[in-house]
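Okay, so here's just one chain, in structure tokens, the form predicted alone.
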């Protein structure tokens, strides 16, 4: 049984990863931002003793820095960084805000590396040692025929290439 850490596990694909991995018998550590948005996770944890819920706000560097203490040195075999935000829907030329752009860059580009840095010892203790960073087709440079969406596109092209575990 692998221990899988999933960020953004309270909804969408993160929640579905959590459900699927639990169904396979894996141990899942599900990180979520706000308790009030994690009702589905709260229901899952009642029926799944192999599920642990931990609070994490990747927009907050202090929350990132404190997160390893919640894990208490537990080995992590697989890290699925699923957290991401689109940002303002109208980020077309002439409507881009620097503050909103920086907020999206923090969550989508900076936080994954910061989180990996603080989790590296837990990851090195793991057996599988796999790191997965989800993004979307919107980050593709080759598939950008319509342009626009500057804020999200710029934040989703960043990738962590290689980390020595």
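This one's a predicted model, so the numbers in the text were calculated from it and none came from an experiment. Residue numbers count along the first chain shown, from 1.
Just so it is clear, the following notes concern the form predicted together with a small molecule, a form of the same protein that is not shown.
Contact with the small molecule in the predicted bound form, defined as a heavy atom within 4.5 Å, is made by all three of 11, 35 and 107. Contact with the small molecule, judged by heavy atoms within 4.5 Å in the predicted bound form, is confined among 44-52, 94-102, 117-125, 57-65 to 57-65. Residue contact with the small molecule in the predicted bound form: residue 134 places a heavy atom within 4.5 Å of it. A residue is said to contact a partner when one of its heavy atoms sits within 4.5 Å of a partner heavy atom; residue 83 meets this definition for the small molecule in the predicted bound form.
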